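Just one chain follows, in the form predicted alone, and it is written as structure tokens.
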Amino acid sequence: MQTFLIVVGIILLIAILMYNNLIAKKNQVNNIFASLDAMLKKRYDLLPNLVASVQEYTSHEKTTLEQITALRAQASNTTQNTHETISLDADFSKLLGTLMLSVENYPELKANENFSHLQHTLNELEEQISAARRAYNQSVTDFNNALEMFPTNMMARFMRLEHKALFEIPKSERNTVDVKKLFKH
């Protein structure tokens, strides 16, 4: 009887440890995503200011500003899920690249102190977002591994935990940059 109680106690302890481990991993993913979401919000707020600065020098950025405004409104929607946030981030990154290419045509804009400050702040923020994406992806990978590996996969199924999505680079941004093309105007 004593051996039976020890075996049951060990099994119960293992189940509790697996449960707590899965909950910790799930909460870590959520915490890192929330931090990343806050940085993305900061970027959504900063980008329209950058576009407004560019508009002082050029009028063809109106479409970019309209797209950014639409994406910003979409980002303000608090009911979006992880997949929608990841997709929105990809769209924002693409617009940012378009905007920065436009800036190259206006040397007097690049010399403007306000614009330089905004651009520096945005570059800093982009580096922080990149680091947060890496941390998020690592956390998601750890979580997803726990969902698939034995014996935690059984506990995960019992808890009805589901895989989380990774931040991935859109296929269009995976192409090698043609540096020659960048210098031809």
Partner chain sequence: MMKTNVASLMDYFYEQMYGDLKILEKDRLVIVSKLQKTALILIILSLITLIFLTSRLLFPFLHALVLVSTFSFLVYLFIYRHQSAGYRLLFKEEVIAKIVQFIDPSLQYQSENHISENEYAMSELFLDDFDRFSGNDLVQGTINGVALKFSDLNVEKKIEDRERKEHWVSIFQGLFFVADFNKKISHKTFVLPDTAGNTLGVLGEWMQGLDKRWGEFVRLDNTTFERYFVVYGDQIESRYILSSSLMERIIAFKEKTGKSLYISFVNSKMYLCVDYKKDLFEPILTQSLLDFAPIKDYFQLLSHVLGIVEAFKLDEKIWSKR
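Numbering follows the first chain given and starts at 1. For clarity, every value in this text was computed on a predicted model and none was experimentally measured.
Not pictured, yet referred to below: the form predicted in complex with the partner chain.
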item: In the predicted complex, the residue from N153, N144, Q128, Q67 that sits within 4.5 Å of the partner chain by heavy atoms; value: Q128
item: Check all three, M39, N123 and A132, heavy atom within 4.5 Å of the partner chain in the predicted complex; value: yes
item: 4.5 angstroms heavy atom contact with the partner chain in the predicted complex for I32; value: yes
item: 4.5 angstroms heavy atom contact with the partner chain in the predicted complex for N49; value: no
item: The partner chain contact at Q138 in the predicted complex, heavy atom, 4.5 Å; value: yes
